[in-house]
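Form predicted on its own, single chain, as structure tokens, below.
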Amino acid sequence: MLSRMDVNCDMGESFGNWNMGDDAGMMPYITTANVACGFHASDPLTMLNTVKLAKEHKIEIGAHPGLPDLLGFGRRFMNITPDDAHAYVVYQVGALQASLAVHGLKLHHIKPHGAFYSVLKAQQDLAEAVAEAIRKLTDKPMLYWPAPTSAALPTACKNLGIRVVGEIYPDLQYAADGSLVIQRHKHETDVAFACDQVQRYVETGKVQAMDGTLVELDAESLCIHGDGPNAVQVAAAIKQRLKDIGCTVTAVNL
């Protein structure tokens, strides 16, 4: 059984007057925030305000870089080069690092978003370019990645000595091969199932797939999406379940 678990959430994904997710509502229930950096979502003020809010809640902050696609929320594929991928990460992480610096904070990790994640999952040349960028951006680089952590980017990061933190997703379903079943439209999460899924993983290292099979994964963190209709209820219930089974809710140490 795992004695501790990190709870992370994608945040700062609003843009101007357009709001995405309940960041303020989620903050009390998480330990780590993945903050958008301006390409797929966010803007300078949103980024600074999200960092400030996370600091008030004593939450660790990571960068959530995506493809330059505000209109498509970073979910549309683009044909990019390794140089593009490297530069996108440096540019976006640098913006968040500046926002952190004015609040006296340091970057905790990097977690790719949306279609950027998808191309880095499979394309080795892009993965190696991004891994090199991650290695150079902090003294203690760390990648967050949906478990299993055997795809192109986490493998490239491990080869460079970068710590890789696997994640499980209690508000999404799993296929029998361990891959996530992505929602095209957000719907209410079954709170009881989400809590049971977390408890199952903490106690056995496995999650239940849609066909009922149990899939072994390698994770130290769980991600709850803040834009679901009942996201705050899910986060609160999961945090309570973790406490009830004796699992400490805490951020991953650098």
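Quick note: we count residues from 1 along the sequence shown, nothing fancier. What you see is a predicted model, and the numbers here were worked out from it, not measured in a lab.
What follows is about the form predicted in complex with another copy of the chain, which we do not show.
- Only one of 45 to 53, 218 to 226, 198 to 206, 26 to 34 lies within 4.5 Å of another copy of the chain in the model of the complex by heavy atoms, and it is 45 to 53.
- At the 4.5 Å threshold, heavy atoms of residue 14 reach another copy of the chain in the model of the complex.
- Of the heavy atoms in residue 136, some are within 4.5 Å of another copy of the chain in the model of the complex.
- Not displayed here, another copy of the chain is approached by residue 95 to within 4.5 Å at the level of heavy atoms in the model of the complex.
- Heavy atoms of residue 88 reach within 4.5 Å of another copy of the chain in the model of the complex, making it an interface residue.
- The candidate site formed by 20, 40 and 80 is fully in contact with another copy of the chain in the model of the complex, as each residue has a non-hydrogen atom within 4.5 angstroms of it.
- With contact defined as any non-hydrogen atom lying within 4.5 angstroms of another copy of the chain in the model of the complex, the contacting residues in 48 to 80 are 48, 68, 69, 70, 71, 73, 75, 76, 77, 78, 79, 80, given in sequence order.
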